Ligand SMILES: C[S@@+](CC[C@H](N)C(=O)[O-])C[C@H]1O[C@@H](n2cnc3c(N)ncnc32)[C@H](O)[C@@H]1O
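As a starting point, one isolated chain is supplied in structure tokens, in the form predicted on its own.
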Amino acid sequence: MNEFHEANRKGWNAAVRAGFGQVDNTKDWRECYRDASQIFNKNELKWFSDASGKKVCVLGSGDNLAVFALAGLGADVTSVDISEEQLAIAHKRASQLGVAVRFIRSDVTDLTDLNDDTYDIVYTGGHVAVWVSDLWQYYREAVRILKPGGLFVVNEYHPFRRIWKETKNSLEIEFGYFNKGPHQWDRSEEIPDAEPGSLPSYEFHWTVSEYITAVVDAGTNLLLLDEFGDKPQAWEVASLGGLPEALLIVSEKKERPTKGAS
């Protein structure tokens, strides 16, 4: 695990122990299991309409709301996250739901515990790529574990919303759109009793074209590119209403050429 990802892992673990790591305070995880529309927008939910009985892997599972929603749709789900503290909470919740989920603690750029050509769907959504220093390696691993013809579904917080300072009354650019970082900040500032400077965290800001290129270069055919939502989010400091909220990319893993085919 590289130094940036290891630092982020420690930060997430500390946040969970302090009670700030589960970002599901506005959504009931039990309700997500009963009703997948609680977590998935209709634009992405339609791609899971036949998920029942299929093998699905969620990368960067975090609060695991997507995991529970997919399990509720009847999928056989594997949950992968870098934070063992996040996964421990999710494991307890899965037990309460009586749902069999495979939980794996792993860096998403190194999925050596998962075999090639295993999953019908690989999903990653919300705020995952921002923590990853190599988007191309991340997506190569995601596509490697997909079966040929399987779906790779990416739903990310739109990069147009990542460039702004946290100012309430005006929009001021903090980072140029093409400045991918790493952008360092100190998570210890938000955790009581943490030693100042003890939890450096690193973000990486990817452009729309980089998301698309990384998905295609991983060995997929692009099926959908969509942007949706324009409402401000409760946790945003700057008023970002009117900017696109989500970037959705759906692609299909290429079939292997038949032997002897030219």
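Computed from a prediction, not measured in an experiment: that's the story for all the values here. Numbering starts at 1 and runs along the sequence shown.
Another form, the form predicted in complex with the named molecule, is not on view; read the next lines as being about it.
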(message) Tell me which stretch of 163 to 171, 123 to 131, 89 to 97, 142 to 150 has a heavy atom within 4.5 angstroms of the named molecule in the predicted bound form.
(response) 123 to 131
(request) Give a yes/no on whether Ser83 approaches the named molecule to within 4.5 Å in the predicted bound form, heavy atoms considered. (result) yes
(request) Please run the contact check for Val108 against the named molecule in the predicted bound form: heavy atoms, 4.5 angstroms, yes or no? (result) yes
(message) Just to make sure I understand: among 57 to 77, which residues lie within 4.5 Å of the named molecule in the predicted bound form, judging by heavy atoms?
(response) Gly60, Ser61, Gly62, Asp63
